[in-house]
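Take a look at this one chain, the form predicted on its own, written out in structure tokens.
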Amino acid sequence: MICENITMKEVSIPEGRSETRLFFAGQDTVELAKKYGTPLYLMDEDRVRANCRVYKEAFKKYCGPDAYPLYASKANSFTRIYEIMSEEGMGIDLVSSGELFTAIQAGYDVSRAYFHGNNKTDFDISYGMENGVGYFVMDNWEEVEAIEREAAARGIKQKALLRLTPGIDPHTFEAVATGKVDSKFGNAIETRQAEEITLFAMAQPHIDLLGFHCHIGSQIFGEDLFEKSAEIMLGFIEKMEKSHGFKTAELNLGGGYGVRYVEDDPHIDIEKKISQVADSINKTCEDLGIQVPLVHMEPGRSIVADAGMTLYTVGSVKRIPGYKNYVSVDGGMPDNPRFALYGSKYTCLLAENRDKSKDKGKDKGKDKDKDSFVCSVVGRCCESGDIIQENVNLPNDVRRGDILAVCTTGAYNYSMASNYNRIPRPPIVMLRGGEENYIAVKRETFEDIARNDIK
């Protein structure tokens, strides 16, 4: 299996028979689907906590006792996740007032929060300061001016970082590459815009400029991309210190470590990666003759992705001889738009392997000599692009009513979900301790969808 919290186990069922079922976080997915219905987001709370601890302990070990990671909220934002981040001692980054509001609702201490975004509105800036957000990560000249105005009006000095682009192409999806020169995010070092905006921010009396932020992209497996990014950023930091007397207190390298969606994806040793980045930073600072800044990173996907699974109920199995096969489920692009957006890969599994004797007289066009067949797993929307995954190998006996699981859906599924075709969003059910499960986010109702409509 692609993750250690996914297993197949034999279970006893009525009539003295047994079948093999898919277990996630130690719990029977078929029984969870019966209890909560489908579509259903599952989140392994123990896995989330374990992933947090890997990052947190590695940061203290290799980056210093004051260093800590920040959870990238955009990966999956709901009240319970912020409670967990608080309990685990994680910082957070936010990209909207909605995420900030959710963190506040959870009781999270937002003085440890970093407010991102390439186009913060005046409301965002005011709302952030009103609620005591710790840091703004400033993206552009207009934003520096707006933060200065708001801080001056409040009589405060606002802590902030500047977002820079180091000019690195991470060779990932174009849509999630953010560190190149021609990006909508940040200010390019290569074009000298980074130096110009730094001097401008330094001159603002109500902004406490602490340092710099960068983010080179998402789903990165490359050996030394973070090291290269750190070297470029530290070279810029040295220039600012020696040319302009600005000493950098913080360096935030963003997030982006990849996770395994399919068996072909490589394993990443997060602790080892962080130790390599820390070694590179320490050596580069020594070579440049500058002090090592406080280092942050912003893991999101690698905190929650493999802690998630989505369960669906199969509605139809359509075999078109000589052409293609389709297995349709009761969810789709409203709860997981990532294939439509990026062509993202996923592992799809049937949740139960039945006693084959049950299949007598139920051929319906299938090849009786084969145990499996290749199909497209598609959703229920009135949209040809409503696809969860192509070229999926499923048991040949799959039929209406079966439970189908899609693995590694803890990141950018619920957070990107929509009500397309007026379909309610699924609930989030948390699993912990191998047997406990509870609702963290309720299933939406038709009334929820129409709540803001005016008659």
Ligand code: LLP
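All figures in this text were calculated on a predicted structure; none of them were measured in a lab. From 1 onward, residues are counted along the sequence shown.
Not on display, but discussed next: the form predicted in complex with the ligand.
Counting atoms of the ligand, placed from its pose in the predicted complex by superposing the C-alphas round the site, that lie within 2.4 Å of this form's backbone or C-beta atoms gives zero, so the site is open. Of the candidate stretches 128 to 136, 377 to 385, 99 to 107, 294 to 302, only 294 to 302 contains residues with a heavy atom within 4.5 Å of the ligand in the predicted complex. When contacts are defined as a non-hydrogen atom within 4.5 Å, none of 331, 389 and 425 contacts the ligand in the predicted complex. Contact annotation: residue 219 falls within 4.5 Å of the ligand in the predicted complex, judged by heavy atom distances.
Among heavy atoms of residue 394, none comes within 4.5 Å of the ligand in the predicted complex. Residue contact check for residue 416: one or more of its heavy atoms lie within 4.5 Å of the ligand in the predicted complex.
Put simply, residue 255 is close to the ligand in the predicted complex: some heavy atom of it is within 4.5 Å. Only one of 93, 306, 335, 143 comes within 4.5 Å of the ligand in the predicted complex through a heavy atom, and that residue is 93. With the partner omitted from this view, the residue of 160, 72, 113, 274 that lies near the ligand in the predicted complex is 72 [heavy atom within 4.5 Å].
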